[in-house]
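Listed next as structure tokens is one chain, alone, in the form predicted on its own.
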Amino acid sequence: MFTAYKYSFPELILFPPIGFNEERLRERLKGKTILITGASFGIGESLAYKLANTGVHLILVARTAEKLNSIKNKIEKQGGYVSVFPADLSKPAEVAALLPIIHQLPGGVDIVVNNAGKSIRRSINDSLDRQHDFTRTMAINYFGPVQLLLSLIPVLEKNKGHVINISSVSVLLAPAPYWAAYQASKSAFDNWFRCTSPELNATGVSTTSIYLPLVKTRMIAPTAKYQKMPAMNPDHVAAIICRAIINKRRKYAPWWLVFGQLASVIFRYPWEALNTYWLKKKLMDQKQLS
């Protein structure tokens, strides 16, 4: 199945359509249970609707109980099977309370889609008295999924399951100013996942890392300049995840990422010098206005 998205011409080039076989997806998911974090909006919500008619048991986890129940009602009207668990993965106590409920499910969990995340763009000078910018970002992007998976790995090994991590292209590119909290936390889990993947693969658990550019979700809304930049549609990302469920490919990344990685190595010092020059100029302009 190929779906047309309302993309601009540059977006069509950067994010070409991707399809998947719906019948194969239903075969793969028959009798399975899939847990999706960050399921109330954006990518998680789109994925839940895409899987509505596959016969899979959907476990949807997010903070917003009202929205989760709304999604559950819509999917169940289509004949789907959904369980919802409101939980904030940045709070260890809420994750600890969630885990026994998941373990009590008949058959446990077969697929985990680690999608919950938090983005923040802020100058380090504006964060001097905001250590929570870093602790809360690490909590949701790193410690939360680690706590969740450490508990679920034995079940996933028993079921020869699959873990899909929704990551960011930024972890594979040169770091950028203002993104210290976000890039550090996403890089932390990406490296944790890449380190543990061979161990999981050896026990029969499949692993997939999906590296995404900007996606049109609530996460990018606070950054005004991103509204005019090319960004993926959440439904497009959901299709990529569905395809990964079928083929269990270890990595998905945009076709152009390899060129960005090469440029990050070759032009590291010019990039850093350019950022320093731009930031100095910005500070001087601010002083002149004050």
Ligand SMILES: NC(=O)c1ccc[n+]([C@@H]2O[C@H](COP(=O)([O-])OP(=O)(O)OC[C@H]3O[C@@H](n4cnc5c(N)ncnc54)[C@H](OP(=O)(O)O)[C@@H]3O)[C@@H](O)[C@H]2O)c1
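Numbers for residues come from their place in the sequence shown, where the first is 1. Computed from a prediction, not measured in an experiment: that's the story for all the values here.
Not pictured, yet referred to below: the form predicted in complex with the ligand.
The ligand in the predicted bound form comes within 4.5 Å of no heavy atom belonging to T137. A residue is said to contact a partner when one of its heavy atoms sits within 4.5 Å of a partner heavy atom; I240 fails this definition for the ligand in the predicted bound form, lying far away. When contacts are judged by a 4.5 Å heavy atom cut-off, T33 does not count as touching the ligand in the predicted bound form. Although the partner is absent here, Y182 sits close enough that one of its heavy atoms falls within 4.5 Å of the ligand in the predicted bound form. This chain is displayed alone, yet in the predicted bound form one of I164, A116, V82, V109 has a heavy atom within 4.5 Å of the ligand; that residue is A116. Contact with the ligand in the predicted bound form, judged by any heavy atom within 4.5 Å, is made by just one of L214, A174, I75, V146: L214. Only one segment in the set 40 to 48, 242 to 250, 258 to 266, 23 to 31 has any non-hydrogen atom within 4.5 angstroms of the ligand in the predicted bound form, and it is 40 to 48. By the 4.5 Å heavy atom rule, the three marked residues H57, I102 and T208 all fail to count as contacting the ligand in the predicted bound form.
Residues of 62 to 79 placing a heavy atom within 4.5 Å of the ligand in the predicted bound form, in sequence order: A62, R63, T64.
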